[in-house]
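Single chain ahead, written as structure tokens, the form predicted alone.
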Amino acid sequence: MGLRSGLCADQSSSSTPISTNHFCMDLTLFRSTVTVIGLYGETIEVPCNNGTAKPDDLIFTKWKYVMDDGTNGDLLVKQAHKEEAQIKAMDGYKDRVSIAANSSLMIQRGSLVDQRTFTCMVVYGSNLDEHPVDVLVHKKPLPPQIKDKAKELENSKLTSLGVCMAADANPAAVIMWFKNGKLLVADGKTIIITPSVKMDPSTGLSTTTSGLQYTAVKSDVGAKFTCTAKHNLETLVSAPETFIIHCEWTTPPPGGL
């Protein structure tokens, strides 16, 4: 659904016409909810008008974007009768953008700075259409690892088992703990799970940590503890860890000391 209005060269808000030539252009602004998800470090393809074929009377295509201060900045212009596009960007996009044969914007080395709105402006005949696209950039975390592992767990005593870490993700990963493949659920007494998320200000990527305090029982001897990092791109599982269970005997164990 677009908003269309007439734009004429001899019409102005002032009483003085800006041109003696009468030229009208229909301006259409498409306020869509199109969202593209690109991968961190990869080339992001931003489609123009959802990849719809270019009009036969195409004059030129221009890509622009919303800058950090909220204003629009031009990226490139591709004239229909020319092979090469003219790069307009003067910032970090100067060496990272190009236009594909289907008018898609190609952004090399995608990063979180590319999470913004890009608009494809198509001028054809006496029409001007604008197609905004919101870009999100996702990155799966590094494989989760269990760190700061306890040397042993003490029977019937709440002990810090370890900290699971899933680094450098966007959006942040969600960590869950498992014992022998069964989800561990915090109860605030025998199982305490403490999650935390920190963002690297230089990259914008997030690292999730989850500390597990666990009350072991004798049957936990040989149990395999793992943690998973759940992300919309992939769910990753840590290497399993087993722990020695230390028991305090009030009477001599079977067979004597």
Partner chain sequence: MNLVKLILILQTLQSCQAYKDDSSQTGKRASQSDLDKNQTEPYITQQSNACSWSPRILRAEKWTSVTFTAEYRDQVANQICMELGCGGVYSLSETSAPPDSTCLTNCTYHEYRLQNCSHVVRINCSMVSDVVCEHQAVRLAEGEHRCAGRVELWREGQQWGTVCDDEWDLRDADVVCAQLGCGYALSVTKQGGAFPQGKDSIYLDELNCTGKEGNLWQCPASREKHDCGHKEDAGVVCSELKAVRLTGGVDRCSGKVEIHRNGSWGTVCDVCWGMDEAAMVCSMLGCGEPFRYVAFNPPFTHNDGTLWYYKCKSSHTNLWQCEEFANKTLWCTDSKAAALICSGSHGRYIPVTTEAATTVLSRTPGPVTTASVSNDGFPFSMSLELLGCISLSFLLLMALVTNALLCCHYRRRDAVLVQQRHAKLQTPTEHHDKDYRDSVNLIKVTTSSPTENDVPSNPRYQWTQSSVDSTSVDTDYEQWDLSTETAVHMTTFQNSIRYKQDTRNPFMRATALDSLSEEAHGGDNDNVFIGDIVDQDPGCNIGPPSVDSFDSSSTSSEECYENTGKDVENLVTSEGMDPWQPPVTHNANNHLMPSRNPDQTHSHDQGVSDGKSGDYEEEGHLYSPDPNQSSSEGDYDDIANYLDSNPEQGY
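Numbering follows the first chain given and starts at 1. Nothing here was measured: the structure is a model prediction, and the numbers come from that model.
Quick note: we don't show the form predicted together with the partner chain, though the next part is all about it.
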The listed residue (Asn127, Gln145, Asn155, Thr117) that reaches within 4.5 Å of the partner chain in the predicted complex by any heavy atom is Asn127
Checked Leu112, Ala100, Val174, Ile87 for heavy atoms within 4.5 Å of the partner chain in the predicted complex; positive is Ile87
Check whether Val221 has any heavy atom within 4.5 Å of a heavy atom of the partner chain in the predicted complex, and answer yes or no. no
Quick check on Met121: any heavy atom within 4.5 Å of the partner chain in the predicted complex? yes
Gln79 within 4.5 Å of the partner chain in the predicted complex, heavy atoms: yes
Given that the partner is absent here, does Val36 sit within 4.5 Å of the partner chain in the predicted complex, heavy atoms only? no
Only one of 182 to 190, 87 to 95, 166 to 174, 104 to 112 sits within 4.5 Å of the partner chain in the predicted complex by heavy atom distance, namely 87 to 95
Those residues of 46 to 75 with a non-hydrogen atom no more than 4.5 Å from the partner chain in the predicted complex are Ile59, Phe60, Lys62, Lys64, Asp74
